[in-house]
Ligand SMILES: C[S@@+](CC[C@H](N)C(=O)[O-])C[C@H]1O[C@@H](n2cnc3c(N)ncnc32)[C@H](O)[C@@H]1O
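Only one chain is shown below, in structure tokens, and it's the form predicted alone.
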Amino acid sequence: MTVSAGPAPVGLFGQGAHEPYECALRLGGGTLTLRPAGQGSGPGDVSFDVQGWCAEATVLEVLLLQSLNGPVLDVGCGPGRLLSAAQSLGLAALGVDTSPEAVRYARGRGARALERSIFAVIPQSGSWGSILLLDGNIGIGGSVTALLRRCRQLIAAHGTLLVEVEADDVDVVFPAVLEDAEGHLSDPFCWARAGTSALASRAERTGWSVASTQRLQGRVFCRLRPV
């Protein structure tokens, strides 16, 4: 059962108001906290290490990329560590992100990235060999169903959607804000958090089957195939 809290805001991840996401990317470090907006109820806070986002891909992430076929579409690519790793492996890769600073950062490390929503026009629709939804990006837009349906439109017939889900069996949609260590807030945006059960139930309704689930180094990855 999905838990939903409050009205759906129209902001984008970490953007607006004091722009904590953009500022953290310019600094290349710091901690950002995702939490429910205002005084509304919602799930617990989640902290992100921005330096990790800006660093090179981990050994685990490189191994995951090695198991995929190109071309690779990284949804919510951030500063481009996965794009850079994919290209180093000889995989054609493109990232999309709504943050201008994230796209600038990704391009600065030689990656291909577009400043746009995944729900906007995406090149090579229907021919992506692999699509990535890592780092909590299954939450983009606050609707797992809508995001999976959109990825289904973009994937090739025999492609793979690699999704990172939460280790806990969570299923929640809520108005969120991003906050930096100095208390600077973004505008509210709609976000979702999902575990394996939540993902599986929506996959069945959006043209996907869950081919495998792996728990690796404290992270949980699901591979989805189009049906």
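For clarity, every value in this text was computed on a predicted model and none was experimentally measured. So that there is no doubt, residue numbering starts at 1 and follows the sequence shown.
In what follows, reference is made to the form predicted in complex with the named molecule, a form of this protein that is not presented.
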Task: 79, 96 and 99 all contacting the named molecule in the predicted complex, non-hydrogen atom within 4.5 Å - done: yes
- [ ] Spot the stretch among 110-118, 84-92, 152-160, 123-131 with residues whose non-hydrogen atoms come within 4.5 Å of the named molecule in the predicted complex.
- [x] 110-118
Open item on the list: in the predicted complex, is there a heavy atom of the named molecule that lies within 4.5 Å of any heavy atom of residue 13, even though the partner is absent here?
Closed with: yes
Task: 4.5 angstroms heavy atom contact with the named molecule in the predicted complex for residue 72 - done: no
Open item on the list: I'd like to know whether residue 140 contacts the named molecule in the predicted complex, with contact meaning heavy atoms within 4.5 angstroms.
Closed with: yes
- [ ] Find out whether any non-hydrogen atom of residue 174 is located within 4.5 angstroms of the named molecule in the predicted complex, and reply yes or no.
- [x] no
Task: Any residue of 177-197 that, in the predicted complex, places a heavy atom within 4.5 Å of the named molecule - done: 191
